[in-house]
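Only one chain is given next, in C-alpha cells, and it is the form predicted on its own.
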C-alpha cells in the first residue's frame, strides 16, 4: 500500500492535463467559451506549477489543467495532493520511469500527517500510479521517509533509547538482519565508554544498537546514526527554548534506519551494518561533567569542554567500532551542530568528506532526486581549535568559529581504516511547510545516498 497512490481502479479518474507554459494561451483558446470564461474569471496566471480546476456542464470537476515548464521532479505535483478536492486523479503526461516514479513519491509524501496523538481531519486526493512509474520503488521510498518522520516526531517520552532499539528491531526483523544491543553497564564491558558516560544519567539506559545484513562477500557499507533521544545539554544545561525540539536529536538514527530500510528492501548487493548509539543526555548526580577526561573506545582521551557537545562523543565510539572492520564506505548522520545550520540553513544537508569523487557522486544523486546537500570543508588547519592541554582532544574546542568543521574534524580522528568516509550534519526537521514536506521531522540526504549507493554498487 502506498498512501494516496492507487495502482489501478474501476473508477473513472479525473484527468490532470499537463500543459507546457508556452503552450497555455493556445491551449486555452482551443477550449469552449465556458472554460475560457471560467479560467479568466479565476484570475488564473499560467505560472509553472500552477493548476486550475475546470468544471463540466453539471458543475462537477471535468479535469485539472496543470502548467509545467517541462522540469519535472519529485515535488511537481505535491501541492495538488493537498489542495485538490478528495477524489481520484490521473496524470496525462509522458514521463520516463525515473521521473514518473519520483512524481508519485512526491504526491504520496505530501499526504503525510503525524497523527499518533491527535486525529487528523485533513483529506487528500488520490493519484493513479503514473504510467511507467515503478510501484515497488515508490512504496519503498515513501515508507522509508515516513518512517524517519514518525521516529523524529515522536516525543522522547515514547522514543527513548529503549523505544529506539525496538524501532530498529522492527526494521531488522522485517529483513532478517542480525541485531545485537549492548545496554547499560555492558557498554563498559564491550568498550563503548563514551556512550555509557553520556547516557548514564538517564533512567532509560544507554545502549549501542548494532545491526548487520547481507552477504559478507559484498562491499561493506556501514551507517552510523546519532541516537540522542533527548538532549538537555547535560550539566551545561540548555535554555528551555533550546530544548523544545530536542526530541529530534535522534534524527541521525532515524535517517540511518530509513536508509537501511531502502537498502535492504531493494536488496542492494552490499553487506550493510548500522550502528546507533542511543542515549538520553540527562542531568543527575552521576552525569558526566565539564572538565572530565573520558577514554574513548579507540583509546584516545577526550577532555569535556562542554557536556552539550555530547553527540560527537557517542558517535566517536560507534565510528571506532565501525572503522575496526575496515568498511568500503562509512556514512555517519547526525544532528550534530547549530553551526551547520548557520552555515547552510535548515534545508540543506551539510556534507563533509575529504574525497572529491565520493562527494561528486552524492551531489549528482542529490540533484537528480531533489534531496539537496552542500559540502563544507574538513580544513585540517582548524584541528588545533580542538586541542586540549591535558588530553588528546577536546570535544568543544576553544573558538566559536567553524563549529561544523571542527565537529567533523573531531569525528575524523576516529576514522583510520575505512576506505571511504562521509559525514552528514543534518537538521532532520522542517521548520516550515513546503509542498510535500510538512513541518516536523524529515528525512534529509537519504534519498540522495540511496541513489548514490544504487549507482555505485548496482541494484
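These figures come from a predicted structure and were not determined experimentally. Numbering follows the first chain given and starts at 1.
What comes next is about the form predicted together with a small molecule, which is not displayed.
Mapping the unseen interface onto this chain, residue 139 falls outside it, with no heavy atom inside 4.5 Å of the small molecule in the predicted complex.
Taking the partner from elsewhere, residue 87 is found to have every heavy atom lying beyond 4.5 Å of the small molecule in the predicted complex. In the predicted complex, at least one heavy atom of residue 309 sits within 4.5 Å of a heavy atom of the small molecule. Among heavy atoms of residue 348, none comes within 4.5 Å of the small molecule in the predicted complex.
The putative spot formed by 249, 337 and 341 is fully lined by the small molecule in the predicted complex; each residue has a non-hydrogen atom within 4.5 angstroms of it.
Heavy atoms within 4.5 Å of the small molecule in the predicted complex are found in one stretch of 178-186, 205-213, 101-109, 224-232, which is 224-232. Contact annotation: of the candidates 300, 375, 191, 238, the single residue with a non-hydrogen atom within 4.5 angstroms of the small molecule in the predicted complex is 238.
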